[in-house]
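So this first bit is one chain, no partners, the form predicted alone, shown in structure tokens.
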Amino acid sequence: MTADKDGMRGICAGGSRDTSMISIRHLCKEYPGVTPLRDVSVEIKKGEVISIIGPSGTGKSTLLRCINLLETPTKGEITVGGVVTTDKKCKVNLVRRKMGMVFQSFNLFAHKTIIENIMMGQVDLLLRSRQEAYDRGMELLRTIGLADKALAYPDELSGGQKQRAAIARTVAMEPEIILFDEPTSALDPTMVGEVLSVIRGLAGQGMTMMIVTHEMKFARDVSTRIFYMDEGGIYEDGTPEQIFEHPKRERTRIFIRQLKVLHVENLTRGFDFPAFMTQLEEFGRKQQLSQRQIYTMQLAVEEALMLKLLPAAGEAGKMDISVDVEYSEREELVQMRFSYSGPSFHPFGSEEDLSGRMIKGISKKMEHKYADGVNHFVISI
């Protein structure tokens, strides 16, 4: 960087000596008819990796854009590295050099090669020579496995490769903080892992990061801290274990349970089977299950529901059937619970049944219970 920290403190009037990397006090952001951020106050320390989760429309991306002043806060104060960035006299472009931002849409220059994209900011803003910028760019591309794409144009890369290149461009600017705004949301599911791997590597190097993400397993694995956003602010703030295993507040508990459980009820012979298969696949990908585990879940539904329970419901009259799919990250176990009314009925009661043998072969455990007129058939995968 071209300016040291003491120099940066002089950029804005009112610069403080706060020890936090980022300090936010009473931040509010209003738009016509909606207020995504009502009163946010929080401190972020050097080296913290913070994942920001929550339902859509709860201000997650707005928070990042306010920190980087891509959105102007309506009220409140933001301090970055001791600099009050919300002060009207602040030279925002100089402060932004301390923060890198990675967007979901990559934002690479289509008319320049990948290495040129990475070199531009280094030459124009860090005043490095073209050779220095090239050497640093190639070093980063080798680290992320894209050295052979240095002379390619963005349109010649996959979505995952474009996002890795965008991250390399950000890291080349040597920021003290990187903000990630849903970096995998525009990617095909098969490409998500390669991008998350790069971010995980940055976390391992002690980089201060804030990540808006819907990848919950990644958030739990990589973060030192989780912000769950709801009701116009940071509704709950805690460690990954606290938020995912022992949330203290009601909305957090509801959100986390919905992440871990797929519930479908009132299944009949005419239900949309292909749509349910798609739901299973999406659920599995959110939990970062392997393709084999997803296929096993789909096979279990096909064998248990389509070949056994729905035909039995048709023969015996009305049978209320529901399915709950629950994933336990701690035990790395998927449980599929089929609940249905009527007399006691084990769908795979016969040892000679081919479907039963298939289910037994793909599952860790299979059990049937009957109580109060309701059957519970559980497959553990």
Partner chain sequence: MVINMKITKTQNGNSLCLALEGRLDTNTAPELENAIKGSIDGVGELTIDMTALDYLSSAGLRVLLGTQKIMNKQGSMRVTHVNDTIMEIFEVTGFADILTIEKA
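Note that the structure is predicted; figures quoted are calculated from it, not measured. Only the largest set of C-alpha atoms that superpose within 1.5 Å between the two forms is called the rigid core. Positions refer to the first chain, counted from 1.
Keep in mind that the form predicted together with its partner chain is missing from the display, and what follows is about it.
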Next on the checklist: Can you pick out, from 254, 277, 261, 147, the residue that has a heavy atom within 4.5 Å of its partner chain in the predicted bound form?
Outcome noted: 277
Checklist entry - Pick from 355, 335, 61, 68: which has a non-hydrogen atom within 4.5 Å of its partner chain in the predicted bound form? => result 355
Checklist entry - Using heavy atoms and a 4.5 Å limit, would one call residue 224 a contact residue for its partner chain in the predicted bound form? => result no
Next on the checklist: Taking any heavy atom pair closer than or equal to 4.5 Å as contact, tell me whether residue 153 reaches its partner chain in the predicted bound form.
Outcome noted: no
Next on the checklist: I'd like to know if residue 281 sits close to its partner chain in the predicted bound form, meaning any non-hydrogen atom pair within 4.5 angstroms.
Outcome noted: yes
Checklist entry - So in the predicted bound form, does residue 125 come within 4.5 Å of its partner chain, heavy atom to heavy atom? => result no
Next on the checklist: So if I measure heavy atom distances to its partner chain in the predicted bound form, which of the stretches 68 to 76, 216 to 224, 199 to 207, 297 to 305 falls within 4.5 Å?
Outcome noted: 297 to 305
Checklist entry - Using a 4.5 Å cut-off on heavy atoms, which residues of 30 to 48 contact its partner chain in the predicted bound form? => result none
Next on the checklist: With both forms fitted on the core, check whether the Cα of residue 272 differs by 2 Å or more between this form and the one not shown.
Outcome noted: yes
Checklist entry - For residue 105, is the CA shift between this form and the one not shown at least 2 Å following rigid-core superposition? => result no
Next on the checklist: Closer or farther: the C-alpha atoms of residue 188 and residue 302 in the predicted bound form, versus the form shown, with a change of 3 angstroms or more?
Outcome noted: farther
